[in-house]
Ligand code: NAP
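Next up: a single chain in C-alpha cells, the form predicted on its own.
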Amino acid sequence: MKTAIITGVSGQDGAYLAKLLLSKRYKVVGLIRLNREGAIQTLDFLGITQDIELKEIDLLDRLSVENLIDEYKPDEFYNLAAQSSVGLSFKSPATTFEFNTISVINILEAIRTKSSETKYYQASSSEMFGNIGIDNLPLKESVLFHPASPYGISKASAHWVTVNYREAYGINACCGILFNHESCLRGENFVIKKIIRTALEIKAKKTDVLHLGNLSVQRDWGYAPKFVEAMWLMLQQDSFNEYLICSGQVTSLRNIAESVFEKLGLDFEKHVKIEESLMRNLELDIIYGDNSKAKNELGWDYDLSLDQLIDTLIKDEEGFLRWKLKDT
C-alpha cells in the first residue's frame, strides 16, 4: 500500500484527490490547518472522512514539516494548500506571498533531507501567466510568466522553487499548471460557485439578485474531479515535468452566467446587477490553454464540452444543497 500526503485536503481539489487515491488503495494522510473546528464538509460530503488520517500542521513551521516527512516517508506528496483567492491576495499580499512560497520551501527541504525518494506534486496556477498578450494564446508550458496579481506572483515563485529543487537536487518533483476548475465543493468566494448557487436560490425564491463584477473576462473552465486525475498521472511517470491542465476551451463569464440562468428558466437581465466594488484592480482579459502535452504524455482524458460542464455543475450543486439540508 502506497502512502500519500495531501496538503489542503479539505479543499475542493484535496477532497476529490483523496477520494481518487482511496479508490486506488492508498493510505491517505490529509493535512489541515491548526485549530480547525467542526466537521470537514468536503470530505463528509464525499463520504471519506473516516478513511483518511487527518493531521493538523502549520506548514510555515519548518521543524513540524520535517518531523512529518520523517515519520511517514510518503511515496507521494501532493501540495494543494495555498491562499488561493486572487481578490484576497490584493488585500493581503504579504500574507499570501509568505504562505504560498515558504510552505513550499519547507516541504521540499524536508523531502530533500528526510525522504529523497518521495514524489512531489506542486499545484501551480494559470494565474502565473498573467497578461501575456493574445499572440501567446492558447498558452503552452513554454510561455513566460507575467502575473497580474499578488497570488499569481506567489504561485510563480513556488513553481520555480519546485523546478529548482528538481534540477539542483534531483527531487522527483513536478508542477501541474491548472486553469480554472469548478465543482460543488468550490469555495463560496469563487464566482462560478456564486453564480450557480445564487441562481438556484433565485429559482427557489430565497433571494432575488445576483451581484457580479466584470462579465467580459474570458477563461478556460474545467471540471475539478477530472483535473485531479491529471495530478495523480503526473506522479506515475518515469520522469517529472510541468503540464498545463485545462479544458482547451474558452468562454466569457457572461456566457456562463447567461447559460446557467437560461437552463434554470430565469431572466438574466432581471436578476443580475453589476457592482463596481466587485471589479479587480487589475484583470486578465482572456486566458486559455493547450492541454495536448498532458493528453499525449500522461494519457489524460478530458472531453467535457462547456455545455456538459454547466449541466454537471448545476446538477452537482443541487445534490450538494440537498445533502446540506439533510445533514442539518
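Computed from a predicted model, the values in this text were never measured in an experiment. Residues carry their position along the shown sequence, with the first being 1.
There is another form of the same protein, the form predicted in complex with this ligand; it is not shown, and what comes next is about it.
- Residue 17 falls outside the set of residues with a heavy atom inside 4.5 Å of this ligand in the predicted bound form.
- Although the partner is absent from this view, residue 151 contacts this ligand in the predicted bound form, with a non-hydrogen atom inside 4.5 angstroms.
- Taking non-hydrogen atoms only, residue 179 approaches this ligand to within 4.5 angstroms in the predicted bound form.
- Although the partner is absent here, residue 270 is not a contact residue: none of its heavy atoms lies within 4.5 angstroms of this ligand in the predicted bound form.
- For this ligand in the predicted bound form, the listed stretch (162 to 170, 117 to 125, 133 to 141, 252 to 260) containing residues with heavy atoms inside 4.5 Å is 117 to 125.
- The partner is absent here, but in the predicted bound form a heavy atom of 82, alone among 235, 82, 110, 202, sits within 4.5 Å of this ligand.
- Residue in contact with this ligand in the predicted bound form (any heavy atom within 4.5 Å), chosen from 99, 240, 145, 72: 99.
- In the predicted bound form, 8, 9, 10, 11, 12, 13, 14 are the residues of 5 to 30 with at least one heavy atom within 4.5 Å of this ligand, listed from first to last.
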